[in-house]
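Below you will find one chain, with nothing else, as C-alpha cells; this is the form predicted alone, and questions on how it binds or moves follow later.
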Amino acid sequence: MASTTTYKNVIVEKDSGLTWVTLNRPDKRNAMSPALDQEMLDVILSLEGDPETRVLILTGAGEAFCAGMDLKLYFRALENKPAERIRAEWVTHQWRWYRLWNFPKPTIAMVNGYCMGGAFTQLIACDFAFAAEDAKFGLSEVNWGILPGGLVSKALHVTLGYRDAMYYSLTGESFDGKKAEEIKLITKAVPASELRAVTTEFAKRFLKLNPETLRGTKQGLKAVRDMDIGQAHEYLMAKSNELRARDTENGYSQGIKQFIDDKTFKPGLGAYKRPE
C-alpha cells in the first residue's frame, strides 16, 4: 500500500482504488480528540476529489474501531474554553457526519473491535459496515449522566428501529457484532480472522462500476429520505439529468449498446464493461 500525507492520529493508505483510513490512537482505543478530529476533517476533504480514491474504508488501529470521544481531552480540557469547544464541536460533526454522510464515493466502516458512544455517528454515516462477530458495541452515556448527544441519537434512526434505539440508549447494554447485524446497525458480521478479506472483496466490486452512477445513486437515496412523493420524483428526474451531464464515460449508452446491440451484457448479472 502507498501512504499519502503523514498524520499523527490517522493513517491513510491507498491500494489500487481502495483508500484505507485508520484512526490511530490505539492506546486510547482510538477515542476521538480535537487533534484527531482536525486531521480527519482534512483527510475526508482531501479524499473527496482524489481520483485515486474510488472507495473509502474507515477502521481503527489495534483492538478498537473507536471508543467514542476522549473524555479528558474533549470534555474536561475544553470545559472552560467555550471558543475552543465550539470550534472542536464544529470540526468533529463536519467529518463524522456532514462530509462522511455526503462523501461522493462508496464508504465502508470496518469495525474491528470496540465501537462505543460517539463512534456510532461515523459508523452510521458510512454506506456499509462490516464488523467482527466479537466486536463490542455500546451506548454507555446513560451510565454516567449524559445522553447520546451530538448527532448520535439522530443517526440511530437512520439504521435502527424505534424499539432497538430506545433499548440500547436507555439501558447502556453492550452487544456484539452478531447482534449489530441482527438489528441492522451493520451490514454483516464475520469472524475476526476474515474481516479484512471480506471487507476488501466487497469494496472491490465498486471498482467495476461507473463512479458517477454510484455517486448519483447514493446521493439520490439519501436526499429523498425526508421528501414527499412529489418532491422525490422531481428531484430524482433532475438527478438523472445531472448524471448524464456529469458522466464522461456515458455509462447509460454503453450499457444499452452492450445489452441490445452487442448482447454482451445482462443487467442484474454484473456490470457493463467500462472503457479502459
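Throughout, we count residues from 1 along the sequence that is shown. Everything quoted here is computed from the prediction, not taken from an experiment.
The discussion below concerns the form predicted together with a small molecule, not included here.
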| query | finding |
| --- | --- |
| The unique member of 187, 140, 94, 159 whose heavy atoms fall within 4.5 Å of the small molecule in the model of the complex | 140 |
| Contacting member of 85, 178, 72, 154, with respect to the small molecule in the model of the complex [4.5 Å, heavy atom] | 72 |
| Residue 28 within 4.5 Å of the small molecule in the model of the complex, heavy atoms | yes |
| Partner proximity in the model of the complex: residue 68 to the small molecule, non-hydrogen atom cutoff 4.5 Å | yes |
| is_contact(residue 106, the small molecule) in the model of the complex, heavy atom dist at most 4.5 Å | no |
| 4.5 Å heavy atom contact, residue 168 to the small molecule in the model of the complex | no |
| Triplet 79, 98 and 150 all within 4.5 Å of the small molecule in the model of the complex via a heavy atom | no |
| Among 187 to 195, 202 to 210, 114 to 122, 159 to 167, the region lying within 4.5 Å of the small molecule in the model of the complex by heavy atom distance | 114 to 122 |
